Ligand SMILES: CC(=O)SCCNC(=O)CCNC(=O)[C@H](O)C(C)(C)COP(=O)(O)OP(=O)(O)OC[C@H]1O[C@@H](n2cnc3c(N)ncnc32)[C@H](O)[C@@H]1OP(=O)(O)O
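Given next, in structure tokens, is a single chain: the form predicted alone.
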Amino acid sequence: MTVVDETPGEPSDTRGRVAELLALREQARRGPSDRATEAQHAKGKLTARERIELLLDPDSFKEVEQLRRHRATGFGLEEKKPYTDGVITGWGTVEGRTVFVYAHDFRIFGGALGEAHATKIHKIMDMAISAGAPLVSLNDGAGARIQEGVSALAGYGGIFQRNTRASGVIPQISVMLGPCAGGAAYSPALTDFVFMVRETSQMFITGPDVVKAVTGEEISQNGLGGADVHAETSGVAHFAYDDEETCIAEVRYLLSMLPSNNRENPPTVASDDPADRRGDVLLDLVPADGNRPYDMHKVIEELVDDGDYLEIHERWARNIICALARLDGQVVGIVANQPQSLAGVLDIEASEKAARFVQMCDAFNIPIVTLLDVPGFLPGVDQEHGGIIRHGAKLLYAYCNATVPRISLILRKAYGGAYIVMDSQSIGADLTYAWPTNEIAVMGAEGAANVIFRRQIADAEDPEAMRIRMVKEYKSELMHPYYAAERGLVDDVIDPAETREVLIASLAMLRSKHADLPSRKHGNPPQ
């Protein structure tokens, strides 16, 4: 006869054990209490599990370490050991493709990071890197768990190290859905994209109280590090939305444009938009007069499939546009000067914005189409003292280092160093096209004539008439639309209405492009 050693109050058979397991799982899924959930909703915020349900395809989420609890003692922690330890980790699918996710649960320890909490995040990050799948973090945490001391801080170090190791290997997306202060803010800064929600999410290294104590400045949390601040002023956030539902839906859309990892190409979709569709509207959309502004967004809408694109950093450095779109179903990255803002000049912020975007596209096998209408770099003492040389060099470095297919198109003016930096043929563009309205030169005709013919203009009986004549002569000699084509600096001058067809055919030819880079540990880009 077999004797079962049964502990009083514990189930004695497998069915009982399974029932116990299900009860524990339900407890973990519910969270600490209904009151905590109500408090989260009262702030206009979803719970961690509700957010995951919005992000992933229905019933696809597989949780990892749901029953994990911390082992810390002191300060009352030994009496409070909730399941999950304040972070939910696992994987699921977005439009059928695997995506890993971790979500802070603000209802437990305010989402603060402790040793067990960090270990769970480390594990899911390692799994994402090994599986070659995107990682999305849903951030809503109060920083390091003070009761656990330096162990919590070390947990952040492990996250930063993995963010860096995963950089350029898998897409990393940070979704800010609550506070993110102190060292915790560096993890989102290391990822590829940062999403924020207005009013409910903030990011800063030192909060308003510390700022006031040190500098005497008084400012609110949103004024210091809210979504609009980071989307418009600092450039930390790539996207900002009014509510969590819209924000998470846009995360899904972004994922649909990205490959799972750096060894794959972005997803291709069937397009009903004809590849040979003419864009006759472009003939009137872009004025031939280089001094007249227009909206480059409308040009992009006319070129891409169904006029649909996702703009990155839409509200920061508006003088340049960076966007993901599709041409004949294939994902492309678009970099374009915006004549409606600062005449489309390159400045410090525009250079940084475009450089990071070019690097991202190159890392994830996304071809780059560059649309030029640039009068040069922004002059000024602030720009020079702010380091426009090294910041502009970031964009130059990014283009020169990129091995994906690269096509540039000059719509109107392309002057000076800005022409070279914006993916000219001389720095490695695979194909360069121009419209008949193009003007490629060292500088504008007026400025060039004033320099070259300074003495003739000064000595003339009618200096203004002489200046006008010299400007016209310079334009006819060095700035006519076919000057660059005659010298092989552009591959063809094309009818603007045929631009979409030309770009699609060129990208199809370049799809199998392979470029060998010299052996090196890594480059040393300008900072």
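Since the model is a prediction, treat every value here as computed from it, not as a measurement. Heads up: residue numbers just count along the shown sequence, starting at 1.
Beyond what is shown, the protein has a form predicted together with the ligand; the following relates to that form.
Q: Where, among 428 to 436, 121 to 129, 368 to 376, 182 to 190, do residues come within 4.5 Å of the ligand in the predicted complex by heavy atom distance?
A: The contacting stretch is 182 to 190.
Q: Looking in the predicted complex, is the ligand within 4.5 Å of a heavy atom from each of A112, L153 and Q221?
A: The answer is yes; A112, L153 and Q221 each reach the ligand.
Q: Of the residues Q147, T93, N450, S341, which one places a heavy atom within 4.5 Å of the ligand in the predicted complex?
A: Result of the distance check: Q147.
Q: Since exactly one of K80, R278, R198, R97 fits, which has a heavy atom within 4.5 Å of the ligand in the predicted complex?
A: Here the answer is residue option K80.
Q: Taking any heavy atom pair closer than or equal to 4.5 Å as contact, tell me whether G226 reaches the ligand in the predicted complex.
A: Judged by the heavy-atom cut-off of 4.5 Å, G226 is well away from the ligand in the predicted complex.
Q: Taking the ligand as it sits in the predicted complex, is K43 near enough to touch it, meaning that at least one heavy atom pair lies within 4.5 angstroms?
A: Contact with the ligand, yes.
Q: Considering only heavy atoms, tell me if F106 and the ligand come within 4.5 Å of each other in the predicted complex.
A: Flag for F106 set to yes.
Q: Check whether G143 has any heavy atom within 4.5 Å of a heavy atom of the ligand in the predicted complex, and answer yes or no.
A: The answer is yes: G143 has a heavy atom within 4.5 Å of the ligand.
Q: Taking the ligand as it sits in the predicted complex, which residues of 366 to 400 have a non-hydrogen atom within 4.5 Å of it? Please list them.
A: The stretch does not touch the partner at all.
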